[in-house]
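Presented below, as structure tokens, is a lone chain in the form predicted alone.
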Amino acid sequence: MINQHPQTIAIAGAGLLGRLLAWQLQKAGIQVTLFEAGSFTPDTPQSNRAAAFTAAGMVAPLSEAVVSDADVYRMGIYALQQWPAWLAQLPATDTPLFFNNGSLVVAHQQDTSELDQFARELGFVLPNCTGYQQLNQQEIHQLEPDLHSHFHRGLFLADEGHVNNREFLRLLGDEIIATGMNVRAHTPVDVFPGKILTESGAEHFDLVIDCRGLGAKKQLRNLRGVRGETLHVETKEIQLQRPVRLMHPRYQLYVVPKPNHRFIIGATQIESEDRSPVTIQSSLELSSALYTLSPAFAEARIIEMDTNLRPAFMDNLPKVAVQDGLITVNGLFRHGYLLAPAVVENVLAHILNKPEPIFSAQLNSH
């Protein structure tokens, strides 16, 4: 824990973690300078976007516990409480920013073994969890009337939600600018304890926080990029009230409803640092799986195909490394909106001399 509040802090990287930390530290009365290698605005070219712009914004502790562990679940439950508290601090908007109405997991009849496996693994990781329930065909229809009627079994995961991430990032960026924070876009940096190095030379601060994601790969040799691909469609022919996951032997496709009749579809998790556009194979798999969820998606308009790299360590868990003059925060993997609240509160606790940081044993590394 840092003994004295720093008066000046530099944050490298204006993705999800960088923006949240900059916002909260500025509110705490600390002078913050935020450096971003690319543009600070959401209309950044796709090749330069932070992973937070590409993400679907899901806060899915139950779903992710199946492929991780109970610690991820606990941090995710914390996120479900923290996101509404943070969003309430932003100026009011007509566009909803957070949805906390659960998610639905379904499978075609030939793939119900995948659904059974999902339920078994969920029960193994969280044996006392009551946040999910088995559904029959009628119960699925009651939750999501526009889904195809051939889904006979499903799981309703009540303890899940999602963030309207792009609108949130836009509003948060506007709020950061409104505070008068020094935001330095298009400024790649190297980071050192108490020092930021730009093309113009060295700048000194009481503390530097490195939130550069894959931009920190030269310093963090065990950091890797994991490719993800998403498809964005628009249609008024179908409504979904919550994210829907489709279990499949090769992938777990998810569909997340967004305002204005838009949907984000994703599934791919590819061990590659290739940032090139979506492949034909991926687009066909995403589109065909989407159609099987509901034939009404056949008339949906494809408005965007996006790819990005998620920064990840070997265990796919985030790390907070603290040393004199430098805090390194990285490795959100595909859990950005799920784990960011716990990670941010951990860092704030270090800086502001709060009590023992929450989840410190899971996050801290040295």
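From 1 onward, residues are counted along the sequence shown. All values reported here derive from a predicted model rather than from experimental measurement.
The form predicted together with a small molecule is left out here; the points below concern that form.
Novice: Using heavy atoms only and a 4.5 Å cut-off, determine which of Ile238, Leu155, Val244, Ala267 is in contact with the small molecule in the predicted bound form.
Specialist: Of the candidates Ile238, Leu155, Val244, Ala267, Ala267 is the one lying within 4.5 Å of the small molecule in the predicted bound form.
Novice: Is the small molecule in the predicted bound form near all of Leu62, Val255 and Ala300, within 4.5 Å of a heavy atom of each?
Specialist: Checking in the predicted bound form: none of Leu62, Val255 and Ala300 is within 4.5 Å of the small molecule.
Novice: With the cut-off set at 4.5 Å between non-hydrogen atoms, does Ser68 touch the small molecule in the predicted bound form?
Specialist: No.
Novice: How about Ser282: is it within 4.5 Å of the small molecule in the predicted bound form, going by heavy atoms?
Specialist: So Ser282 does not count as contacting the small molecule.
Novice: Even though the partner isn't displayed, in the predicted bound form is Ala52 close enough to the small molecule, meaning a heavy atom within 4.5 Å?
Specialist: Yes.
Novice: Hey, in the predicted bound form, does Cys211 get a heavy atom within 4.5 angstroms of the small molecule?
Specialist: Judged by the heavy-atom cut-off of 4.5 Å, Cys211 is in contact with the small molecule in the predicted bound form.
Novice: Tell me the stretch among 118-126, 134-142, 213-221, 87-95 that has any heavy atom within 4.5 angstroms of the small molecule in the predicted bound form.
Specialist: Checking each option against the 4.5 Å cut-off leaves 213-221.
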